[in-house]
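To begin, one chain is listed below as structure tokens, in the form predicted alone.
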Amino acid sequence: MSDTLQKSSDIDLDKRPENGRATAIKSRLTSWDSIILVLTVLVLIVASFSVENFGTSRNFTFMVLDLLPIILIALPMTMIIVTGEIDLSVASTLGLTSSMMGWLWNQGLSIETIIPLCVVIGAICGVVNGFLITGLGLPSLAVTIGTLALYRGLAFVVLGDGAVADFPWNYTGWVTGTIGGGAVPNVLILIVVLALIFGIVQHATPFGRSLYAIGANAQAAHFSGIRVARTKFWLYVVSGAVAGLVGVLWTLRYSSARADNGSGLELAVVAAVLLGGVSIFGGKGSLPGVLAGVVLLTALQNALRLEDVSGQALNIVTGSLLVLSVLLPNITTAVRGNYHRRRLRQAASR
């Protein structure tokens, strides 16, 4: 009798690791990251067969250029939202740095000097946001809505309604060009490098793990030794610097420095980040999911443009995705939680 019980116990113990691995694999396959990745691949495949010119190399180049500003700004935005904050001033920072780029070019500065200056200007905008939020304790939503208007207004003060369009061809040509004259855009190198840097920092460093701790419970993170205010402050500085860099790339792509460049881009960035599974309440989300969300949003917009859908309809699609990106992950989490609790109750009743 005792030998039988011992053998049964040994069998159960042998099964536990296998069950644990199976559960982990199942959880990963049914996670929001996996769902959004599969959905993105499906949209790309369907659009390639159903939308004329979508699958061409020329359209691929244009689509990468379209996702460039969204994906770069989404990298620091992901970290900010993971901590439970938000930055809605990024598009206005882009517009301000674009205006400054045009103004500095008119003053006779070289493009090699202007580019780093614009990145620094963007970082200064981030310093202002970070100080107001972490130094004075003001809510990030209210602060960045205010600086959204402030920075856009300053952009019009700097450049007015005019445009500067005589930038050097070797810079504008590089931004819009491809590697070796093929189908891979030059800017894809920049996207990959920055995505790898931000991905490693967020998912493979103590700093990245501290972001999730702050988002889950800022007070507990503070008592555990994490410098919450300092961490958030530098996130806003980095967000501003990246927005400044995107302002430069935007200006060079269109060869036009304007005060209204990037208007409304913050909506697409936030929609892509939330669509990628980052919780608006903080503490959850991953960069791979965000990258998939950016590609999905850009692919949908690109396919609709090829079908001659109006700009107003594109805004409707972006807004709808923003609502769904908040709603669907919460529904998915609730369904999985109810299923898990039901399984536990069934196991307990046996």
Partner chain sequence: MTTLSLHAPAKNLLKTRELGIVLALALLIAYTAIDNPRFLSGQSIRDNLLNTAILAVMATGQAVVVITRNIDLSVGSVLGISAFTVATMMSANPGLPMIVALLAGLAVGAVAGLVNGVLVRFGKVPALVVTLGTLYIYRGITYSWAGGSQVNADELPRHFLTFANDNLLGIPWLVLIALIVVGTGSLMMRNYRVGRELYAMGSSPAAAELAGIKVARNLLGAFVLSGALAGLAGVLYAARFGTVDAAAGNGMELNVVAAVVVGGVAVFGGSGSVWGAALGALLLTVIGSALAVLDINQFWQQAIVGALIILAICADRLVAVRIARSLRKRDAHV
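Just so you know, these numbers come straight off a predicted model, no measurement behind them. Residue numbers count along the first chain shown, from 1.
Below, we refer to the form predicted together with its partner chain, which is not included among the displayed structures.
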| property | result |
| --- | --- |
| Distance check, Ile86 to its partner chain in the predicted complex, heavy atom within 4.5 Å | yes |
| 4.5 angstroms heavy atom contact with its partner chain in the predicted complex for Pro139 | yes |
| 4.5 angstroms heavy atom contact with its partner chain in the predicted complex for Gly55 | no |
| Its partner chain contact in the predicted complex: Gly173, any heavy atom under 4.5 Å | no |
| Partner-facing stretch of 272 to 280, 181 to 189, 71 to 79, 94 to 102, counted where any non-hydrogen atom is within 4.5 angstroms of its partner chain in the predicted complex | 272 to 280 |
| In the predicted complex, the one of Ala123, Ala213, Leu154, Ala195 near its partner chain [non-hydrogen atom within 4.5 angstroms] | Leu154 |
| Residues of 116 to 133 having any heavy atom within 4.5 Å of its partner chain in the predicted complex, listed in sequence order | Leu132 |
